[in-house]
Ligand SMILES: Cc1cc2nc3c(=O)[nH]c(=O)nc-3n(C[C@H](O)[C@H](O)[C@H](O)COP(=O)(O)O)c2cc1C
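We begin with a single chain expressed as structure tokens, specifically the form predicted on its own.
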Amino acid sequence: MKISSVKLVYFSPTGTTKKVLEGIAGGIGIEDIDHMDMTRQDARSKPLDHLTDALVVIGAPVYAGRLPGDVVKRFKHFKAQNTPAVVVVVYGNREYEDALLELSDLSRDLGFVPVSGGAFIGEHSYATADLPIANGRPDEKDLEKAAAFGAGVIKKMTGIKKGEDITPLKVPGNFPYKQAMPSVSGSPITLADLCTTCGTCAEVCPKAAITVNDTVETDPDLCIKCCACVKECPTAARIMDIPRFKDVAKWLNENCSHRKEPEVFI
């Protein structure tokens, strides 16, 4: 099949999913690359068009073995007509469980034809310097594997004459999917002594849950605990101080320290 452009569609609060998709695109080796960043709250109004001869790479983070609910809602904005797609999930070194299957199924529901899939590792949202959980990932080795995956995908595509020849993609996972974790009210807090009210936290929040005036206020019911505000705060004034999530971070640090490697399905 002729592929003349690549569309990167992703939800990536802390940047790890975006980084993986860019690595894959580098391996695909097509210069015409268009980013569709669905992370910001206002991104849902953007259309996904010009799909003729395009390969769409769709990426999302994994939350407790599933796709985040907001990802599903935002991706449902897209409609395609048998457009080939690569589905990619990024998880924090525990397990991706049903998330890749869920993304593959979702892409089919939206009119895409998933041709390849991958599960990559990114620094966990709850990771800190004191409690590392895949800190610094995706790293150089991960991005090399992402590029190799991209090269394998484009090789597969050039060997396919027409869409009807695409073999149905099979990826790990179970259906019905595992039960999603119940929502827990709460949010990172701001250390007033360190905060400069620069507004970075509000800018990176995918739910527009943060308001910055003389102080920083966060709507705990809107917060999805992605920790983008924690990772991006230039003065380390935002911290995750919810006891349940601190306990989860400690457990992950103690039980998920063995380095996992990306898994790809071409």
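Throughout, we count residues from 1 along the sequence that is shown. Quick caveat: nothing in here was measured; it's all calculated off a predicted structure.
As for the form predicted together with the ligand, it is not shown, yet the points below apply to it.
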Report the residue, out of Pro84, Pro188, Gly173, Gly92, that has at least one non-hydrogen atom within 4.5 angstroms of the ligand in the predicted complex.
Gly92
Against the ligand in the predicted complex, would Val62 count as a contact residue? Criterion: heavy atoms within 4.5 Å.
yes
So in the predicted complex, does any heavy atom of Tyr126 sit within 4.5 Å of the ligand?
yes
I'd like to know if Val212 sits close to the ligand in the predicted complex, meaning any non-hydrogen atom pair within 4.5 angstroms.
no
Give a yes or no for Lys225: in the predicted complex, does one of its heavy atoms lie within 4.5 Å of a heavy atom belonging to the ligand?
yes
With the ligand left out here, work out from 28-36, 193-201, 63-71, 213-221 which stretch has heavy atoms within 4.5 Å of it in the predicted complex.
63-71
Those residues of 8-31 with a non-hydrogen atom no more than 4.5 Å from the ligand in the predicted complex are Phe11, Ser12, Pro13, Thr14, Gly15, Thr16, Thr17
